[in-house]
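In the block that follows, a single chain appears as structure tokens, in the form predicted on its own.
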């Protein structure tokens, strides 16, 4: 383990010991906690798997793609290079919209997750709100296949409809105008010019489609801000994730969208502005 840790550190990996342990657990096909107390000598087959995983990680391929799993909302989700790796800070979006919706149990909820990727947000919401009907969109058929697999794995596939298409277009095609209790999105928000400066794990391996937010990083926020008032019922909620330094600009976009009232900006556990909330104003 020492040698593996040193190799990853030399390759510029920021958490070499942790990553080495995760890869060893994957090679042994066990939980990371089960590593402690095991013999130092690996079976030949596991040693071969571990060596191959270390080589790929030293090339800065993300651990989540190597193990095929990333935990989100305490759910071990399947991930592939077709989807953005879900981040812990995105759990702030799930928490925020759940708080907005409250404990309502009378009548079903209809929630849309735009740009669902591996399905992390949609599945977390389905787990927490069993009365909800969720519609999840993505432009990538490969991403939708991963999301559908995850939904089946956690037995919420009967309550999530996956639609292929760009941003909110599939929602209008599905006749959901004015029908949503909530619309959530973690859209691409990295300015195009900043993509190459991202750490290699992101720039070299994660899908550009899920990262590139246009010249100022806000292209998708603009589109969602325009569409949301038409899709939300009166009193319905919009929650969008934002990147560093973007909250003020996104608040302005939402405030300028007729029918939307800006509600709040929610910070993540690192005390960074992470989610902008708005509400569809009541009719009349």
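Residue numbers count along the first chain shown, from 1. All values derive from a computational prediction rather than experimental measurement.
The form predicted together with a small molecule is left out here; the points below concern that form.
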item: Which of 131-139, 171-179, 154-162, 197-205 sits within 4.5 Å of the small molecule in the predicted complex, heavy atom basis; value: 131-139
item: Contact label in the predicted complex: residue 147 to the small molecule, heavy atom within 4.5 Å; value: no
item: is_contact(residue 166, the small molecule) in the predicted complex, heavy atom dist at most 4.5 Å; value: yes
item: Residue contact check: residue 210 to the small molecule in the predicted complex, 4.5 Å heavy atom; value: yes
item: Touches the small molecule in the predicted complex: residue 121 (any heavy atom, 4.5 Å); value: yes
